[in-house]
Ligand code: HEM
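Only one chain is given next, in structure tokens, and it is the form predicted alone.
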């Protein structure tokens, strides 16, 4: 890769880059798990629609959780984006402008998807309304996910910015980027896997058959994940792929750790060991988030050096922000506890 002179000069950062990146990755992990649950549960409900006895009675409580997860998922995206923009803002803002027409549409579409999740729950007993509201929510989330994958990919590949000189309409999508497709599909399949575990956990004390079904969904989605993950790895440029295959010790270790955790989660899922499978899934997700960050830094290697970012400490502002953020998280956890510990009976 060569240095791209078009890259804007980065703004000073208010705290060490390592702290900001750690916070960004933490909140991204929380955010992506919540979005995985929303999309995955939506897909599970959509494809199971009326295929079983008492479908509406059994699954209405699941439908009721989706708007709650949606609201929290959106809120968790805010700190993740804030910390991303502080450290990588000069790259992220540029890529957002290059695809600005599609990127700005996320806001109205997101509002529609959020209200669709409520319509889905409120009209759950009126099958056709609820089903199409759910479908609308799913389609919009798939659109937003594609735009985010494209934005992050373009942010990490400044050499693709030259497309601006032939397209100034803010409609640049990296359709010719081979890694775009497995990266996007990886998110979709991960959503089904994460939701399969949640589905199993939710019914673990209510319906052993459904709990087992959730583990099966997780297991088969995880097998697909392994296939898509291999596709994603070999779709990367050879020099970067080799860094994950021995060229960089840390990146290789994290990748191998993630693969081992994935296989173990799969083995225990087939053995119906829910809690152990969940533990290894969490370890897998942590490894995948770190892998994602390593990929970003490998792709930006010649165009960004974190040690050269100008540090202008603002510890007072950063401390106040962190305190308010932690307070907000505490409130959200309390709200989740209330929302998910209500009696099992569906209240009209």
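Residue numbers count along the first chain shown, from 1. Remember, predicted model here, so these are calculated numbers, not experimental data.
What follows is about the form predicted together with protoporphyrin IX containing FE, which we do not show.
Heavy atoms of residue 32 reach within 4.5 Å of protoporphyrin IX containing FE in the predicted bound form, making it an interface residue. Taking the partner from elsewhere, residue 74 is found to have a heavy atom lying within 4.5 Å of protoporphyrin IX containing FE in the predicted bound form.
By the criterion of a heavy atom within 4.5 Å, residue 60 is excluded from the residues contacting protoporphyrin IX containing FE in the predicted bound form. In the predicted bound form, residue 28 approaches protoporphyrin IX containing FE with a heavy atom inside 4.5 Å.
Comment: protoporphyrin IX containing FE is not present in this chain, but in the predicted bound form one of 91, 172, 141, 217 has a heavy atom within 4.5 Å of it, namely 141.
A heavy atom within 4.5 Å of protoporphyrin IX containing FE in the predicted bound form is found for exactly one of 119, 278, 145, 251: 145. Here the chain stands alone, but in the predicted bound form its contact with protoporphyrin IX containing FE, taken as any heavy atom within 4.5 Å, falls in 146-154 among 238-246, 146-154, 161-169, 94-102. The partner is not shown here, but in the predicted bound form the stretch 85-120 reaches within 4.5 angstroms of protoporphyrin IX containing FE through a heavy atom at 110 alone.
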